[in-house]
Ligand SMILES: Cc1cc2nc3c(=O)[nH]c(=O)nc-3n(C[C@H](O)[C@H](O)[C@H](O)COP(=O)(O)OP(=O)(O)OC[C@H]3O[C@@H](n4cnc5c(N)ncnc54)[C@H](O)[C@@H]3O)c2cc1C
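In structure tokens, the next block holds one chain alone, the form predicted on its own.
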């Protein structure tokens, strides 16, 4: 058996950030993934992820988002690649009953976080939104929160670059190697895969939607895996309005009876279309049984109900569609906690649909746990005991 200081199982958003930070710190680390990341089987694909600083899921998350943006810039400097685009973010809501976004108080918590952490922002009324961003069909009673330093990151590039840098710093990365089980091994842990067996002082489990399978039935009530659908629709006119210079990322709390809506500018020019999606958290699935294809009828219904009433200059022509997975908790919070039976194992999940923007900073924290076996006291909010 080969011995390492730390093994990271799962090399998506959290895993790639962890192994990068560990290798950069000079730690002997092995990364394992059943696929070859970045890939389209989990939660960290689809060309883009929103990043924002004032976090509506909880103001306590804002420092992680701020630190992550700093780290993306450092990683860009190390790699020479573009990962973060700060095109601004627009969040639209009203005083009417609105579709929830990871909880009922998303908009007010966002505004609270911006004020508490002194994040640059502006409140916009419907008339101002129409003037600045005519692509959005806002209603008279709607208003917006605009954050100029927000934007999007490219998840596949972030993962690929961090894994590449990790290997440059000496990490071992084993892809297409499925983790079978782990067990206590004296003061450390033994990890058994379909290809071999490895020892380490500590193990970081960051397996995303495969976490329920790895942890066993007793953990099943904690995690909910849901299928999400991403659509890219063609631009029919005024393509300049969808360039990142003129189009922010957006999150829209639609009126009661609908789900929320979110989307992006044209990342790679209008020919690539505009990525728009919503979220569902009622129908569960598993990482191995999920239906990965997206039927044309799904996209047609989504365009009719969500896109056509709310955005101008986009056609019903679907350029592409993808499915992805959310691994969620009941409160849409993360889990970053030591396994109750194995103190050498750290459980890192679930991202709950908003984790990528925090992943770079979480990688730093997970690196410290891998080296010292301790989490910050503030991370008690991510503990398993709350369930």
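Residue numbers count along the first chain shown, from 1. These figures come from a predicted structure and were not determined experimentally.
Just so you know, the form predicted together with the ligand exists too; it's not on screen, but the next bit is about it.
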- Please determine, with the chain shown alone, which of 210 to 218, 136 to 144, 115 to 123, 90 to 98 has non-hydrogen atoms within 4.5 Å of the ligand in the predicted complex. 210 to 218
- If you check 30, 324, 61, 336 against the ligand in the predicted complex, which one has a heavy atom within 4.5 Å? 324
- Query: Taking heavy atoms and a 4.5 Å cut-off, does residue 203 contact the ligand in the predicted complex?
  - Reply: no
- Query: Taking 4.5 angstroms as the cut-off for heavy atoms, does residue 56 touch the ligand in the predicted complex?
  - Reply: no
- Query: With a 4.5 Å heavy atom cut-off, would you call residue 35 a contact of the ligand in the predicted complex?
  - Reply: yes
- Task: Although the ligand is absent from this view, report whether residue 79 comes within 4.5 Å of it in the predicted complex, heavy atoms only.
- Result: no
- Note on the structure: Of the residues spanning 221 to 247, the ones with some heavy atom within 4.5 Å of the ligand in the predicted complex are 228, 230
